[in-house]
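The chain below stands alone and is given as structure tokens, in the form predicted on its own.
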């Protein structure tokens, strides 16, 4: 059983200036207990994909179409917002990139985590007679579970931090709170959207370690959204490389790092600093990501690709599945690999 299965997801935003084709018919499959990463430059459609899976995009303005959207084998494609409220937090959760925006600024962080336990009924307590006693017991048990969750993500003085407001915590602490909220009800799938944005390198490593440790411990599946391939090297089992709303390469992590097939993937890998690189040079991908309203003809990457041919400029290559299971969207990947030998 797959933790997540998405088939032919499309997201467009009609605007006065034109139609923004943010996501163009992508497929995603994440096995139970697996970590899959979606990588690419800012603006390629990664975050929109995650919001569409969570069904958090407002329609309108967004227009979302998908042939299949299943979570743990359960079809959630046609669930409305009220029905999704019972799914979010319990079966699927999200760690947002901006903790200060994601958290309620006028409510203590402990109370915010309490609400997750209270909303989804993940509580055990000794009930007493009377509704008032039952309500008090529920709140006490929720607080107990919240403090345990805060300790689990490495927040010291959890009892004291329970009463703290978001602005009283550091960026790393706030991100840990979001992780505690995401894992609170042990969902089948957690989506982490750029979880280390605006954090310094040391705190980034701590946050990623916590995510990986909890994912393994709770046997949860993880979808990691990032623009930084160096982050996913030790985190992900499989990588989806996204460009201009399309998946251009999909491979097991080790295979992708050892032998990238798509020129865009090669460029992303070339931008990673390596201690064993004596030249000390970065590979720069020329130009910039095209506007989602003015995408080039043919392969979207061809204006930035040194291997582009006339066919690349005219026709969009299909996403070809190879014998080893990896997928590639490139007309010339065989020739490129032969030229590298």
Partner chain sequence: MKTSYVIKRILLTIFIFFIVVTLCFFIPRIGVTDPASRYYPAQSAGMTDEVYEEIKEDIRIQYGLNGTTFEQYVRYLKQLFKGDLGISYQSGNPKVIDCIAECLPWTLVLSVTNLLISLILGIIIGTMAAWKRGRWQDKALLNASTVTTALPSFFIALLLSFYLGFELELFPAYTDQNMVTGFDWSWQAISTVMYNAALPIFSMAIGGIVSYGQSTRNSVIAVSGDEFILTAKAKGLSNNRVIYGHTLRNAMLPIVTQFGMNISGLIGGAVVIEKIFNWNGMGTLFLTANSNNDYPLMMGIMIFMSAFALVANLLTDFVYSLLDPRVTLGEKR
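Residue numbers count along the first chain shown, from 1. Here the structure is a predicted model, which means the values were calculated and not measured.
The protein also exists as the form predicted in complex with the partner chain; that form is not presented, and the subsequent description refers to it.
- Judged against the partner chain in the predicted bound form with a 4.5 angstroms heavy atom cut-off, the residues 158, 186 and 213 are out of contact without exception.
- Only one segment in the set 226-234, 96-104, 195-203, 248-256 has residues whose heavy atoms sit within 4.5 Å of the partner chain in the predicted bound form; it is 96-104.
- Using a 4.5 Å cutoff between non-hydrogen atoms, residue 241 does not count as a contact of the partner chain in the predicted bound form.
- Heavy atoms of residue 209 never reach within 4.5 Å of the partner chain in the predicted bound form, leaving it off the interface.
- Proximity of residue 75 to the partner chain in the predicted bound form: non-hydrogen atoms within 4.5 Å are absent; the residue sits far from the partner.
- Proximity of residue 162 to the partner chain in the predicted bound form falls outside the 4.5 Å heavy atom cutoff.
- This chain is displayed alone, yet in the predicted bound form one of 261, 153, 116, 169 has a heavy atom within 4.5 Å of the partner chain; that residue is 116.
- Distance criterion of 4.5 Å from any heavy atom to the partner chain in the predicted bound form singles out 56 from the list 308, 285, 289, 56.
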